[in-house]
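One chain comes next, on its own, written as structure tokens: the form predicted on its own.
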């Protein structure tokens, strides 16, 4: 069992702190559709790091962090000013600030590298991150700044929630939305500055957005999302630090991002409400239900045309011709309905049972009521309503069908003159 060195434990603490704070605050950036704002602020902070070195000649964390913080705030205010006072959209403003500030930072960094002491400055670690250089004092500073950010998020959670979902509504309630926007952006700048040394300019946005995006798949509540995002971020940071410590020459920052991305991938696939797998399964279930209901309806319509002989068997080739089905497709649907007791399928053919007839009558009723509604209320032509009714008949509940029936005055026939079936238990009509 391997033990973490002192340096590895320091990196572990710093990465976990960054993950927790970044995940919590990234939730608000994600909900405000400002996923690239953190990236822009990280690139904007680079010239501040260089200026901090220029002014002090020191590579100690404090002047570099202060320079990055100042440049990040200037960059964020520039974005807000461009959006407010010009016709440019926010994504354009973010792109402008990101490219201009990062270009200035690269120029300054290149100039510093040419100085006699430039090669020893170590400022290039802010580009890609170098978590192994974290010192206990760096982690202490991260803990203090991160703690302040979390406390402020807790204190102003209600206001930040309004800002994230409906700033116009917040303004109508008297909230200072402009100042809140600047406040949230300042918190983002602080988190970006805290994380630069660990994951660098290039990857900082992933520590903000990836945990929040993963958490969003599992919940609809903001408070739960913030907590879950912080937990995912903290776990990603800790796991990335441990994995990096276990393999030589494996950079910590990219590993943290890969762990968070793996959690996001799992969330996108398996989250109960939003997961792609569950969505695919739900779509398959709906498609199977529609095929079963279509077969019941086709059997009903055939029996109707044959003189209300609904429970006589219909030959499979005839049923296959209704919708162009293959024998295997028809067999799969018919077997399921047979097990449910809605049809009886044997060598003589397929016929509706008593329960199946009632289900089929309900489906046909919804179809014909909807066709009548479209022609009466929306003035659509009779030959333009069948396709819409085909879709709606599977979505209308029995209760809504009853409401639609009452709204139309309990009609006897659809626009084509076909009888609208009555349900088994019909409420007395109001004269």
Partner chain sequence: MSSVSEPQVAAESSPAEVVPAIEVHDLTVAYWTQPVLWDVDLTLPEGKLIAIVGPNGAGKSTLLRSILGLVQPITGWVEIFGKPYEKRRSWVGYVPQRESVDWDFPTSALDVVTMGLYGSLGWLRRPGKKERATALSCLDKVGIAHLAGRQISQLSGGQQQRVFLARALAQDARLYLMDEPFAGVDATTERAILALLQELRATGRTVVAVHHDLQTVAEYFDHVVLLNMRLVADGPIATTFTDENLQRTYGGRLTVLSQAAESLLRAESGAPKLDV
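Numbering follows the first chain given and starts at 1. Only the largest set of C-alpha atoms that superpose within 1.5 Å between the two forms is called the rigid core. This one's a predicted model, so the numbers in the text were calculated from it and none came from an experiment.
Separately, the form predicted together with its partner chain exists; it is not shown, and the next lines address it.
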query: Does residue 171 make contact with its partner chain in the predicted complex, using a 4.5 Å heavy atom cut-off?
result: yes
query: Quick one: does residue 326 come within 4.5 Å of its partner chain in the predicted complex, counting heavy atoms only?
result: no
4.5 Å heavy atom contact, residue 33 to its partner chain in the predicted complex: yes
- request: Decide whether residue 287 counts as a contact residue for its partner chain in the predicted complex under a heavy atom distance cut-off of 4.5 Å.
  value: no
field: Interface stretch in the predicted complex with its partner chain - options 254-262, 175-183, 346-354, 292-300, non-hydrogen atom within 4.5 Å
entry: 175-183
statement: From 322, 280, 156, 270: within 4.5 Å of its partner chain in the predicted complex by heavy atoms is 156
Option touching its partner chain, based on a heavy atom within 4.5 Å in the predicted complex, out of 84, 339, 114, 249: 84
message: With both forms fitted on the core, check whether the Cα of residue 403 differs by 2 Å or more between this form and the one not shown.
response: yes
